[in-house]
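One chain comes next, on its own, written out as structure tokens in the form predicted on its own.
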């Protein structure tokens, strides 16, 4: 993206007037069209001058308020792949273009259109798993539903990539994949007469959770990527994949969904398992009226358990305002892992580091969650205000930072999986 900015800067310097075809279209293509494209989750496609003008007031307001694009990590607190946030230069370029008359420019200056790919970004998966039945959303309000997808691979398998494909992008907000070998999810499936079962904050009551229980997830704008060579997520033989889907409020109109996930088996030897380490605090109270209440959670890396972190996924609920994750070395020096200064429950992500982060024995990982439980918080669901504690309900709260890690000393028997 830096190269794109440099080219835009050169073009503006050489030709003066900023135009849609030469300048703005390239920024929209690089930073907006992951979601603002036909058939995706955004309410309109942003792929033409006409669309940029039709939605011009909304675009300017969203950019001025820094609501769009919804890239949450603050620059300088960790470097992440596929950063679709606007830089200060890009933001000024777009706003000044609108304020200066929004010239269209020469159509010959348009960039080559992004070729529409298939629904799977890495090509055809080795296996596609689909929700067993279509789920009908007949009620309003956020809905969290878990769907059980049995597997039968014949043996333990490793995957080094996956991609969730929402069946109905207008109502699917995000998806988390869990693994269950206990059979308890099957017992809850369909007990209320509908496919799946209600769940929030996890795979459901009684489902055992370990470092290996989470297999990944999806949020709007997320891109599919393969893990580094030699790393994979273990799918035990006959494991049940639990697909937890968060549905948007669906209004008065009944909607249907049948989301699926594509799995890519590791192509070479796997000698390290990717697991998710939760940095969390479950024992806190947020007093009513508190505008900036901090909750911290610390996890010490035990000696001989040196690890490498490849991705991070923060999680709070509606009272969350800021989230910070840091590595603290034994000498007290801190290294930022991620910082979100304007938390939004509706835009959560799995953020993959540009360069893996070393976590050595005796290092500590600290999460700091800041909550606003005052009447000034428009997202506060409680009236009257009340003390809020850890819990899975919408009106409860959580303070978790998931780190996708491998253990440096793990060297499992090389596992070669021919395709």
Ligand code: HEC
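Positions refer to the first chain, counted from 1. Being a predicted model, the structure only gives us computed values, none of them experimental.
FYI, the form predicted in complex with the ligand isn't displayed, but the following is about it.
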| property | result |
| --- | --- |
| 221, 125, 195, 201 - the one with a heavy atom within 4.5 Å of the ligand in the model of the complex | 221 |
| Single option in 370, 352, 34, 380 placed near the ligand in the model of the complex, where near means a heavy atom within 4.5 Å | 34 |
| Location of the ligand contact in the model of the complex, chosen stretch of 332-340, 265-273, 79-87, 289-297 [non-hydrogen atom, 4.5 Å] | 79-87 |
| The ligand in the model of the complex reached by all of 208, 215 and 241, non-hydrogen atom within 4.5 Å | no |
| Contact of residue 62 with the ligand in the model of the complex (heavy atom, 4.5 Å) | yes |
| Interface membership of residue 67, the ligand in the model of the complex, 4.5 Å heavy atom rule | yes |
| Exercise: residue 173 in contact with the ligand in the model of the complex, heavy atom 4.5 Å | yes |
| The ligand contact at residue 362 in the model of the complex, heavy atom, 4.5 Å | no |
| Those residues of 372-405 which, in the model of the complex, come within 4.5 Å of the ligand by heavy atom | none |
